[in-house]
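The chain below stands alone, shown as structure tokens; this is the form predicted on its own.
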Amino acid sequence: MKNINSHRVFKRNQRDPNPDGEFVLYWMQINRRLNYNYALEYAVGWANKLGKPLLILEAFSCDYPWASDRSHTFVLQGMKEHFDTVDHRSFNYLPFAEHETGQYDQLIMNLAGRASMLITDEYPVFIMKKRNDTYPARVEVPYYTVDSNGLIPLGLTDKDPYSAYLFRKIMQKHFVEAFTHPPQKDPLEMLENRSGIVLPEAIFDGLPDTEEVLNGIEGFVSGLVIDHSVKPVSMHGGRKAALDRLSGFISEALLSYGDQRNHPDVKMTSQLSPWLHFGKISAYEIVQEVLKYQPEEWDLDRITYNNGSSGGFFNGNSSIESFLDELITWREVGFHFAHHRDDYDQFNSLPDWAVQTMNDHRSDTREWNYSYEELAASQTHDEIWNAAQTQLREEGLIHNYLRMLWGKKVIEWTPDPETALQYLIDLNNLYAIDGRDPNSYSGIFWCFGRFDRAWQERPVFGKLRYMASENTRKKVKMKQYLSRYGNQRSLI
């Protein structure tokens, strides 16, 4: 019987390893960590099998949709932390930041030409998906992708889950097996051939000097042809910051999460999504740490399969149960959906009932109609929506509960659902640190009916779930939130 982690590995071409290759290449595209990383673990295993040293390439391109100072700075901060802290004598780590379009591709192809095989991260959306669809035919060596995104392997599902309930049933059946087959904490400890790799200078002709880039991130980023209006945020892009955030969440908020998470004023959400998105911290280690705070008598034997219900599976602290349902079920359902659907970001990927009800209400009168520029600048009549957009624009995130309202109102304030969808994708992917992620696509598309059901019919929304700002004001504590991010912060 196969280990559950065999469902994480995808062979993308039929090449044989190059026996004359100088190294095994691990191309770190999105899961940018050296710990708890199945892809790195798999690369170490192949390096040992072939008797080759391992080259870890962590690179970042400048030519991608929604590129900005914000995303660039966050990634380069994490890269610098790696560069400053790794023991370069123990393994070969090569960071690289592209300055001009084409340099990234040039480096990948040059390194692949010297490698025995190439292993990289499996990721079901955005430019990583496009690369993994095209590079296997271009390189002359085996090309493997390995899923280190979540607890439940992407290869375990055979079709896109249409609801969180359906995916929760799958999660519940496989949680214990997945949790008890964890990634290695430090896979590089197992690396046998630690020979240094000397690459010819010609490979780097015309490329920026990485050490200079990492020691002058602000200056480097300012010279790129990207969106400089979206400024860096206070969050640091390194793994240490991710671990500090996890520790703070557990000590200050975890055991109150279930009752308090929806209230912006009490700040009980984890805010881990930026580091999860860029792979600085793994879902496994978050689950591992959180489960330590179950009641003293709790253990894995307490877990009870309950046919997809959102409560009563872990049978421990209710706040821990709520948080893990968000972290595993609601986060990973989007990964599995996108893994099976190339049209994950398209309007027609929505359920038939949702498309039909929106088509039925296309001609309904919209009381308000805002342009993209007005929305981006928080310039609407709605104080709560403006505050949420201001938080996103200035800090790179939105409080989890308000994110749902934020998406729903744009449906109401734009001429048609396709325009609303494009505006939300652009706003999220430009400003949010955790944008361009399967989970953020889930959040946006949920507003249009994905992973939801039909509700009572009403104008504009049809049978889509409706949310009202005034009801939100009554339900959640947000006086301090509105004071901080309210209308006076709009740009117009």
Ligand SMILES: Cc1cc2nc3c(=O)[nH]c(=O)nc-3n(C[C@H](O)[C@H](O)[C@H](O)COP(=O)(O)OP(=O)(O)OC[C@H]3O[C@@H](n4cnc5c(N)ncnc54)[C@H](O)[C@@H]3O)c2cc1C
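Sequential numbering from 1, following the sequence displayed. What you see is a predicted model, and the numbers here were worked out from it, not measured in a lab.
Heads up, the form predicted in complex with the named molecule isn't pictured, but that's what we're talking about next.
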message = Let me test this: is every residue among 116, 120 and 142 within 4.5 Å of the named molecule in the predicted bound form, going by heavy atom positions?
response = no
query = Out of 254, 327, 281, 376, which one falls within 4.5 Å of the named molecule in the predicted bound form, going by heavy atoms?
reply = 327
query = Out of 221, 411, 404, 246, which one falls within 4.5 Å of the named molecule in the predicted bound form, going by heavy atoms?
reply = 404
message = I'd like to know whether residue 129 contacts the named molecule in the predicted bound form, with contact meaning heavy atoms within 4.5 angstroms.
response = no
ask   = Any chance residue 447 has a heavy atom within 4.5 Å of the named molecule in the predicted bound form?
value = yes
inquiry  = Taking the named molecule as it sits in the predicted bound form, is residue 271 near enough to touch it, meaning that at least one heavy atom pair lies within 4.5 angstroms?
reply    = yes
task = Using the partner position in the predicted bound form, report whether residue 331 sits within 4.5 Å of the named molecule, counting heavy atoms only.
result = yes
inquiry  = Tell me which stretch of 338-346, 311-319, 271-279, 87-95 has a heavy atom within 4.5 angstroms of the named molecule in the predicted bound form.
reply    = 271-279
